[in-house]
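Shown below, as structure tokens, is a lone chain in the form predicted on its own; questions about how it binds or moves come after it.
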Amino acid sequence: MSGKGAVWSRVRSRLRAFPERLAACRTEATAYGRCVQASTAPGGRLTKDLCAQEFEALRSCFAAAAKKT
């Protein structure tokens, strides 16, 4: 049973670090949010892969930030 406690401890520490990771990727998150917002504005149309480039940049940033922990 003590093995489970160690796993949850690691999970909790990663979740606590998430806001810092998100802050490290604020430029990418902003770019992605603006793309989605522009696509869903009146008259806009959000379609698959429309913001794929911005999403990939954000995903890469999160992955790099997660490796630092």
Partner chain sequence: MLQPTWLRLWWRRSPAVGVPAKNLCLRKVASAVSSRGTASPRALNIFDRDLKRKQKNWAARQPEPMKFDYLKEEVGSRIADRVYDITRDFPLALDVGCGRGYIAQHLNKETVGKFFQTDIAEHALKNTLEVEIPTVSVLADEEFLPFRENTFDLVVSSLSLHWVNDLPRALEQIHYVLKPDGVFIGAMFGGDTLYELRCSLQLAETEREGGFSPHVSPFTAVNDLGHLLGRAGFNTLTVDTDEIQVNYPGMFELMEDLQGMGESNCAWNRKALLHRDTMLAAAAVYGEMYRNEDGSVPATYQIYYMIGWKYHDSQARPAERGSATVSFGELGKINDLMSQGKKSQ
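Just so you know, these numbers come straight off a predicted model, no measurement behind them. Rigid core (definition): largest C-alpha set, two forms, superposition within 1.5 Å. Positions refer to the first chain, counted from 1.
There is another form of this protein, the form predicted in complex with the partner chain, and it is not shown here; the text below is about that form.
Enquirer: Answer for residue 44 alone: is it within 4.5 Å of the partner chain in the predicted bound form, judged on heavy atom distances?
Expert: It does not: once the partner chain is placed as it appears in the predicted bound form, residue 44 has no heavy atom within 4.5 Å of it.
Enquirer: My question is simply whether residue 58 lines the interface with the partner chain in the predicted bound form - judged by any non-hydrogen atom within 4.5 Å.
Expert: Yes, contact at 4.5 Å.
Enquirer: May I ask you to state whether residue 24 is within 4.5 Å of the partner chain in the predicted bound form, using heavy atom distances?
Expert: Outside the cut-off, so no.
Enquirer: Using the partner position in the predicted bound form, report whether residue 16 sits within 4.5 Å of the partner chain, counting heavy atoms only.
Expert: It does: once the partner chain is placed as it appears in the predicted bound form, residue 16 has a heavy atom within 4.5 Å of it.
Enquirer: Taking the partner chain as it sits in the predicted bound form, which residues of 6-42 have a non-hydrogen atom within 4.5 Å of it? Please list them.
Expert: 8, 12, 14, 15, 16, 18, 19, 22, 29, 30, 32, 33, 34, 36, 37, 40 sit within 4.5 Å of the partner.
Enquirer: Once both forms sit on the same rigid core, is the C-alpha displacement of residue 13 at or above 2 Å between this form and the one not shown?
Expert: Superposed on the core, residue 13 moves its C-alpha 2 Å or more between this form and the one not shown.
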